[in-house]
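Next up is one chain by itself, shown in structure tokens, the form predicted alone.
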């Protein structure tokens, strides 16, 4: 069993852990399109073309059993194109608005996402479909994915920088206040513990990773009894840059070895 996981950078690592926990026997190929990270700078047509062109040679070479698009910004646009092109299952990452609406007791929740995800009609349609009667705050986080990458690389991320990104998600109005925050970018859970410590009051944070892992199991089935765990996965960076020592150690701890694209 082989899983191809794709992201604009390293946010997909928050999806990798639960997927690995669900299917430890699967071989992992992680494709990080860091050459153009972050995707927010690309227009919609340009983003679709970029994702298709980067994924296609890897799919042809590796013949995976499933593709996980672990990038929210790309998923809101590219999923139909990937599903049309490939016969294998394609799992995307979309804002968890439905579960947030179902579990929010105050009926007041926020969605932290990239500006591109916030701007998509897809996101607003999810709000209209699943969150009627809720006060939903869409928070465009211009820098949070970049801060998460810096954190993962061992660089310092200040509380001030985090607070500037997260505080618009905390809303008090009409006697109610935000009780649930959707992390609608797979990068953001990398900073979830830091944000929880800085939050002005406790909230439920919704991390998309576990739901993606459950969907993978639905599509691929459970691990076969007696199947041996897979070895280390491979991560490819489209920039061709080798990870520095801190990042290489982080990747190794997560069971990934960096290799150059052929």
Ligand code: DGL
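Since the structure is predicted, the reported quantities are computational estimates derived from the model, not experimental observations. Positions refer to the first chain, counted from 1.
As for the form predicted in complex with ligand DGL, it is not shown, yet the points below apply to it.
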Residue contact check: residue 185 to ligand DGL in the predicted bound form, 4.5 Å heavy atom
yes
So in the predicted bound form, does residue 39 come within 4.5 Å of ligand DGL, heavy atom to heavy atom?
yes
According to a 4.5 angstroms non-hydrogen atom cut-off, is residue 145 in contact with ligand DGL in the predicted bound form?
yes
Based on heavy atom distances of at most 4.5 Å to ligand DGL in the predicted bound form, which listed stretch, 70 to 78, 173 to 181, 151 to 159, 129 to 137, is the contact stretch?
70 to 78
Heavy atoms within 4.5 Å of ligand DGL in the predicted bound form is the criterion; list the residues of 209 to 242 that meet it.
none
